[in-house]
Structures are given as structure tokens and as C-alpha cells.
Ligand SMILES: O=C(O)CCC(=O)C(=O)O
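There is one chain below, alone, in C-alpha cells, taken in the form predicted alone.
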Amino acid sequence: MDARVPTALDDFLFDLNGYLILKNAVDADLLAELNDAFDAFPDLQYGEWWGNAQRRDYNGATGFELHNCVEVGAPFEKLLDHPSWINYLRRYCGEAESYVQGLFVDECIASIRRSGGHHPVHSGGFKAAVRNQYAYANGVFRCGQCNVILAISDVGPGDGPTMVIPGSHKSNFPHPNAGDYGKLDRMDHLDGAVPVLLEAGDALLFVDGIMHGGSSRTNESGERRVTIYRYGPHWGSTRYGFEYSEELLNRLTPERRKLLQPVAPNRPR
């Protein structure tokens, strides 16, 4: 697959709205590999480890969330520098044209959400942390973090699609009806929020500074399966302190290894 490059229209819409939908980002073969990998997940309890991956749900309503999923199979490794989005990340959050140019993968998560699950609204431009803020100046993007949510299954009405508030990554005011992070019961009817519907293989790319969350999954059957990869400047560190196994680092391509370990340890001989 040829690597996609952001167009002038992509830049305009990303700056305006804070997100893009990348249609048919992943082909059917890789989707099948990913679904097989999801099928093989053990029934982990919260906090339990599977090799060097850990179940670490953000809260009790978000469902099964396997953090550091890049450790559990080759399909997840292929997503690190996938040609459908890697150039977008380099442009938007890779400190392009600077002395620290390059990317780092902050988190990689495999998520399964069943009936009733949701994720409350969070982020937004108001009092944003540098880690996830949006910035554009002097002809370059300077986003602290951008995310790629890949739909492994269709995410349609009732499937708990991600919701975003377009333009909120540049907001100077708090949303008057959003409450504090984690205290809003549901995002489904929050003023200004729109659901992002995806077909399996589509990807949602967005700046983490946009107000976003997961709507309620009301469908009683099936699962919402997605992966979530968070990218930032290469000087970052993993949010929860995950370290990568030597087995994984040694089998990765040099390009993929640099995304997980952009600055190699400097030790005395």
C-alpha cells in the first residue's frame, strides 16, 4: 500500500474540525488478522497481565481495554507505522522542521465494548495540558498528541461510536454542560457533539485536545472492537510507564522500533 500524504484539504479540515476520517485505511487481510488476534485474548481481570500487556480499563464503563497491545501479536505491530496514517502523524504531531523532529507512540490499546458501555467526555482547548494541546504557527503543526482509532468491526448507530465536538480543540471556554472530567454520565446528548460512524477498516484521526468520548453502546449483541494508538513528539514517555520487551524491540523493523524507543538508552560500555 502506498503511503497516504495529507492534502491541502486534509490540513484545512483538520485545523477547522480537529479530526479526519480515513476511509478504507486497513485492508481486509489485516482486518482478518486483527479479528483473529482479538478472538484469542484471554479473559483477563482488571490489572492482570498477559505477557507484557495489561488489562487497564479507563473506568468501569469503558469495557475490556488491553494496554500495550503491540506486545501480543504481529498484526498490532503493523499498525505502528501504517502507511494510511503515518505521514499524517509526522506532520501534525511529529515536531516537523525542528531539531526534535520525530514520533513516539504513547499508548496502544485494543478495546472491546459490549452493551451499555461508554466513555465520558474529556479534553478540549480550555486549560489544555501541553501533552494534548493543539497548535499551529509559522507554517507548522505543533500538536502534543494525535490519536488513531481503527475500527476492527463496524461502528454504526447503537455501537457506541466515538463522539467529538468539532472545533473544540481551539475553545477558549469550558463547555457549560460537560461537567468535570469523568463526572458526566453520558456524552450522547451533549450539545455540539456528533457521532463518528465507521465501517470496519476505517480510521478516525484526531488531535487529543478535541472534546471527545464514547457514546453509549445500546446494541445488545455484538462487540465494538477498535484499536487506539496515541502518537506524540519523540521526546515523550509512555503515560503509564510501560516498557517494551527486548523480544519485541529485537523483532521490529528499525522504523517501528524507533516509534517505541525513539531515543536509545545511553549507557556506559
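These numbers come from a predicted model, not from an experiment. We number the residues from 1 along the sequence you see.
The form predicted together with the ligand exists for this protein as well; it is not shown, and the discussion that follows is about that form.
- Checking Ser84, Thr162, Asn132, Ser168 for any heavy atom within 4.5 Å of the ligand in the model of the complex turns up a single hit: Thr162.
- Checked against the ligand in the model of the complex, the residues Cys143, Ile149, Ile152, Val105 give one hit for a heavy atom within 4.5 Å, which is Ile149.
- The ligand in the model of the complex comes within 4.5 Å of no heavy atom belonging to His175.
- The ligand is not drawn, but in the model of the complex it has no heavy atom within 4.5 Å of Gly232.
- Under a 4.5 angstroms non-hydrogen atom cutoff, the ligand in the model of the complex has Arg224 among its neighbouring residues.
- Although the partner is absent here, Ala200 is not a contact residue: none of its heavy atoms lies within 4.5 angstroms of the ligand in the model of the complex.
- Contact with the ligand in the model of the complex, judged as any non-hydrogen atom within 4.5 angstroms, is confined among 133-141, 114-122, 96-104, 72-80 to 114-122.
- Shown here without the ligand, the chain has Asp208, His212, Gly213, Gly214, Arg224, Ile228, Arg230 in 200-232 lying with a heavy atom within 4.5 Å of that partner in the model of the complex.
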